[in-house]
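One chain comes next, on its own, written as structure tokens: the form predicted on its own.
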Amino acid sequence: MADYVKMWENLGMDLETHDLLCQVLPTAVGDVFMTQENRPKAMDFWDLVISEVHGIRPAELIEEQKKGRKVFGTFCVYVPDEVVIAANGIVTGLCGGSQFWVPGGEAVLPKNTCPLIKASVGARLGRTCPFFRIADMYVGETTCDGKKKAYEILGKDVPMYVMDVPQMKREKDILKWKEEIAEFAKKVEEFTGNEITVEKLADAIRLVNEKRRALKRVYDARKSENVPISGRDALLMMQISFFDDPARCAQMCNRLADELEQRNRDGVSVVPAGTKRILLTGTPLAVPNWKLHNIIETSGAVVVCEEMCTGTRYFENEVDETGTTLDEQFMALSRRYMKNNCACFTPNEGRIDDILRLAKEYKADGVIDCSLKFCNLYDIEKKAVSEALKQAGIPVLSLETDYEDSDAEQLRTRIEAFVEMLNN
């Protein structure tokens, strides 16, 4: 990573503190990923990206900025990438998934704030994440009260645009979200200086749909009784997809899917036959949060699906490509994005329907429902999720955690007991 020091310096990063993060990450990657056996060869791409996660993609973004392109940093799957792409902008994820950044967030946020929010704010204020330094504009959304207030802090020295997500899913709410997307499009045009036309938006919709189809192919391969890829590797692929160029992302995911489909035909599995299959649901797992997957998969089980924003919600449901006017296209975007079943909505039976459907499709032996500490929305939904799964005869384990390792052994004890129960 030494080659990127000048770049980080030019971004105004705290190099001394950032070095501490760079020292920790390779060990974490080695412990979580490189200890696995029989990994798909196509994971070499994501291994390279994560090994230089603060170098390769940031350098690409800076080169594109030199050509006049604007970079939009986003925090949520509700922000429509298609609109930014149609204006020749670039989208990059901004979520923080490391305890390393939490203390910086706690300097300006209450300790009883979700660790994802604290990490995001800490990554920006501590000047230790290049993506936060590079983004020309941050795009937030009103999916949670903590994030809304954090955006006020983050918007003090970087242009911040907040999209107002409806809290219900009635037809008038879908229409409201369409208008919100149209307003966002105007802001993007103004900020980039590029007009969004029907043709450009149609191309962007097709591009992002291709990315969704590629991600779906990888997930579909995980439905096989054979297990061609670990949950850890699938999660890494999904996390990086929020940062990567969409066309390259689709290409690399299709390459991986080709290998996984062949593995299924050949009966090549990453775990012994009979290993219990887990569907994971709950709050998103931002890079480099691999804690839960790692514990589950070193406790005798394997994760075969994630019903979360860093999972099925990111790629399920394509945008209708038949719109011939911007108004029709904005409506198509609204209908697609409003199908995401986030816990911010009331009522939110759709998420329970998704969990039950996915548990069947992925042949899950059990479900682990895990929320981050102080994420009240997902914590409140645990009871309804648990009751629905028990009624369907599907074993469920409800957990709460954060980014610290202090509860790792407690989590392992509970997960091992759950897996043992499934085995019995």
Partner chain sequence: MKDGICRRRPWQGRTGDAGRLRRDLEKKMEEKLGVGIDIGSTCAKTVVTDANGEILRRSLRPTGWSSVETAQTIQEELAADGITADNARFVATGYGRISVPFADKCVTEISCHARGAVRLFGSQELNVIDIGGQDTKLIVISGGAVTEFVMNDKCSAGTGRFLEVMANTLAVRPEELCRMAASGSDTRISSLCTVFAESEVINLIGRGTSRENIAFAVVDSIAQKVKTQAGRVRFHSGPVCLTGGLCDFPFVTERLASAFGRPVVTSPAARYAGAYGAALIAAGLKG
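For clarity, every value in this text was computed on a predicted model and none was experimentally measured. Residue numbers count along the first chain shown, from 1.
The same protein also has a form predicted in complex with the partner chain, omitted here; what follows describes it.
- Stretch-level contact check against the partner chain in the model of the complex with heavy atoms at 4.5 Å: of 395 to 403, 29 to 37, 354 to 362, 44 to 52, the positive one is 395 to 403.
- For the marked spot (K373, K390 and R414), a heavy atom within 4.5 Å of the partner chain in the model of the complex is present in each of the three residues.
- Contact between D407 and the partner chain in the model of the complex is found at the 4.5 Å heavy atom cutoff.
- Although the partner is absent from this view, V5 stays clear of the partner chain in the model of the complex, with no non-hydrogen atom inside 4.5 angstroms.
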